[in-house]
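Next up: a single chain in structure tokens, the form predicted alone.
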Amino acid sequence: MDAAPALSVVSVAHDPDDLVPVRALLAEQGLGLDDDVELFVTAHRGDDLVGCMGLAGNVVKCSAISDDERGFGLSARLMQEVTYQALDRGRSHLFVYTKPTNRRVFESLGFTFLAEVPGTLVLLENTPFGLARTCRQLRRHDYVPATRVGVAVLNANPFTRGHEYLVRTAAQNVDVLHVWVVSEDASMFSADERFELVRAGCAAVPEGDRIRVRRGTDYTVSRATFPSYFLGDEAEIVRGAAGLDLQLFREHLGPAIGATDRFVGTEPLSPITNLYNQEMHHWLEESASASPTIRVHEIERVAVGDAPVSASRVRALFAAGRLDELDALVPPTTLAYLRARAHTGQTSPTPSVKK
């Protein structure tokens, strides 16, 4: 083998022409390119692209090496440079989603196994201490001794009457309810905005003294960052995301806070989201596990008129400036925020900030 391939960094936003050979190499390996990748570290031998590795937030994805270059340490060189690029952006904690057949490769690069959906994918992180440390923090700060401890995970983009009904109903049936707000900035409303809207909305309900609101952990797997480049149709992507998310919850995060019940709204509009609810029953109630079963409760969605209340409906009305139609769809805390934001003229999505 000649001298090692030369490495370079490709910015997806600023170097779109350089993505053409990247797409070709990924396709050669039976892979695609996810839309959220910010940059690639690429390896060239002369004019030929022989390797690439992408970074999206704190997720390493879209990695490929040509057949002739395997076995010569190129994966380690690409990962080292991706790690440097992540550190330059303030991201030291990295995750990898990959095929089960690639698990040993990434373990050899210093990653630690977290969870696997058999035959589909595995999730790893670049520290052996991250998950255990998060669980210790949850036990220290969030554990409340109680007979029934519920959890609801919300994106709340934004917090609606439907979310309000879900948390009220859940809180009425448990001693304490933990509400975790998804942290990724991949929505119309930023993570900070969504968190504050959920916190204000939960504090305003009569059952507010039973509710504890916090940001989701790094181990709350979001479809916003979940990879699709090596999976098939959307149903397979959802099953993969759900399998990882729910295994981590049942085996680690849930026990750390003594969770006994998980609450979710029914999904009459989206077959894909409804599939996630089905997977929740499987992984939390039916699958074999050394951890206790966590009961799943699907709360009927609130409807206004003939249509269920949905955050997407709220966003559409807000973007169209039809604020007078929002009173029935969002609680007063959310409505006040939306009116204030509209007063500034900002009805378009807030800028997304990668973390």
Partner chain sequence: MRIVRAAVAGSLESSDALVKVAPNDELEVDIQSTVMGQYGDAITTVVNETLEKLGVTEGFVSVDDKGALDFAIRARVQGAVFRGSDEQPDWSRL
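Owing to the predicted nature of the structure, the values given are computational and were not obtained by experimental measurement. Residue numbers count along the first chain shown, from 1.
The discussion below concerns the form predicted in complex with its partner chain, not included here.
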Quiz prompt | Within 4.5 Å of its partner chain in the predicted bound form, all of T273, S310 and R339 (non-hydrogen atom) | solution = no
Quiz item: Among 73 to 81, 246 to 254, 143 to 151, 198 to 206, which stretch sits within 4.5 Å of its partner chain in the predicted bound form, heavy atoms only?
Solution: 73 to 81
Quiz prompt | Partner contact for R133 in the predicted bound form: its partner chain, 4.5 angstroms, heavy atom | solution = yes
Quiz item: So in the predicted bound form, does any heavy atom of N126 sit within 4.5 Å of its partner chain?
Solution: yes
Quiz item: Would T101 sit within 4.5 Å of its partner chain in the predicted bound form, counting heavy atoms only?
Solution: no
Self-check item: Contact label in the predicted bound form: S92 to its partner chain, heavy atom within 4.5 Å
Solution: yes
Practice problem: Tell me, out of L109, A115, L269, M188, which residue has a non-hydrogen atom within 4.5 angstroms of its partner chain in the predicted bound form. | Solution: L109
Quiz prompt | Heavy atom contacts to its partner chain in the predicted bound form at 4.5 Å, residues of 241 to 278 in sequence order | solution = none
